[in-house]
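Given next, in C-alpha cells, is a single chain: the form predicted on its own.
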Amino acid sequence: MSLVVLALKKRNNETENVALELVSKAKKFYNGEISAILLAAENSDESKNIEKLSQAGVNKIYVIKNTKLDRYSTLYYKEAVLRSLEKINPDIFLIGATVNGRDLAPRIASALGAGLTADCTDLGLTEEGKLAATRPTFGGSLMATILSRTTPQMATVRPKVFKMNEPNYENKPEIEEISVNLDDVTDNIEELNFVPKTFEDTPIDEAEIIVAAGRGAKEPETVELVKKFADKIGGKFAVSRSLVDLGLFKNDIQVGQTGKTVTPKIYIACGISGAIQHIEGMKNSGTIIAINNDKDAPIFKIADFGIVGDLNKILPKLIERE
C-alpha cells in the first residue's frame, strides 16, 4: 500500500504549500508509505523543495528529472508523471487543485482510465482501506463521500483546506531520482507571454482579517457599509457566492467551494446564511463572527460569536467606535 502526493511548483521553483498540506492530512489517516513526486529540470537545485517535503513527513521523494521540465507544460508534465507512475504504482494519488493541478489531474486520470474526485474537502479511509473522498454536491447543499473503483484512487484538494503539521526536522526520507525520456513528446502549446495577476492589495486567501457580505447585504448601501467596516478594522472585503451569482462582484473575492478557501485569523460574516458551499471555504478560520437578522441561520452553528440584528443598524455603530 502506498500513497503519493504530486508536489507541483510555483514559477519561482518553490513547492506549492498545498502539497505539504496534503502530506500533513495523509499522515493523519494513512499508515502506509507516503511519498511525493517532484518534477525538476535536469540540473536544477531541488534541495529546498526536498527539505520542505522531508519536514512535512514523507517517507520517500521521487525526483523526476528531464531538461523539458524546467517550467510547467501540460504535455511534458503529464507524460513525465504517467511514466513515473508506471514505476511507483501507488494505490492513492493526490494532487493540489491549483491552476496547474486542475489542468493536469484530469488528463492523468483519463490516460490511466482512473476515476478522479475533484475539489475535495476531506479525505479518509474506509474500513476496507479504500480512499474516501468527500466533496460538496448538488450546488453545495449536500456532502458526498466518493469511493473509487479504479487504481490509483485519485483526488484533488484545494489549497488551505487542510492545515500543515509542524515541521519534522528529524525526518530523513529516501530520495530516488528517476530520469524520464520525453524525446518522443511534442509540446504543441507555446507560451507567448506571462503576465502575473495583480491585486490592489492582499488577495483574500492571504488576508488575516476578512469581512464578507452575503445575500443579506446585497443592497448597494449595505454593501458600502460592509466595505467601510472592513476598511475600518484593516480587513479584506469578500463576498459569498450569492452576490457573485447576482452579477455584483467577480469570483476573485468569493469565499466558498467555488471561490477561494480562506483561513484568516478573524472572519466576519455579514448577512451570510451559512450554506455548506460557503462554510467549506471558511470553516478553518481562527475566530468566526456572524451578523445576521435570522437567529436560526446555519452560520451561527459554527460562529464563535453571533449578533442577531439588522446590518444597517449594527454596522454604523461598529464603524463609529474608536
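Quick note: we count residues from 1 along the sequence shown, nothing fancier. All of these numbers come straight from a predicted model, not from anything done at the bench. Basically, rigid core = biggest C-alpha set you can superpose within 1.5 Å across the two forms.
What follows is about the form predicted in complex with a small molecule, which we do not show.
Though the partner is left out of this view, residue 310 does reach within 4.5 Å of the small molecule in the model of the complex, counting heavy atoms only. In the model of the complex, residue 90 stays away from the small molecule, with no heavy atom inside 4.5 Å.
Although the partner is absent here, residue 138 lies within 4.5 Å of the small molecule in the model of the complex, judged by heavy atoms.
In the model of the complex, the small molecule stays beyond 4.5 Å of every heavy atom belonging to residue 44. Proximity to the small molecule in the model of the complex, defined as a heavy atom within 4.5 Å, singles out one entry of 34, 63, 297, 69, which is 297. Exactly one listed residue, out of 55, 263, 273, 49, brings a non-hydrogen atom to within 4.5 Å of the small molecule in the model of the complex: 273.
From the list 55 to 63, 36 to 44, 252 to 260, 23 to 31, the contact stretch for the small molecule in the model of the complex under a 4.5 Å heavy atom rule is 252 to 260. Annotated contacts: 241, 277 and 292 all touch the small molecule in the model of the complex [non-hydrogen atom within 4.5 angstroms].
Once both forms are fitted on their rigid core, the CA atom of residue 296 lies 2 Å or more apart between this form and the one not shown. When two forms of a protein are overlaid on their rigid core, residues whose CA moves 2 Å or more are considered shifted, and residue 99 is not one of them between this form and the one not shown. Residue displacement note: residue 242 has its CA displaced by at least 2 Å between this form and the one not shown (rigid core superposed).
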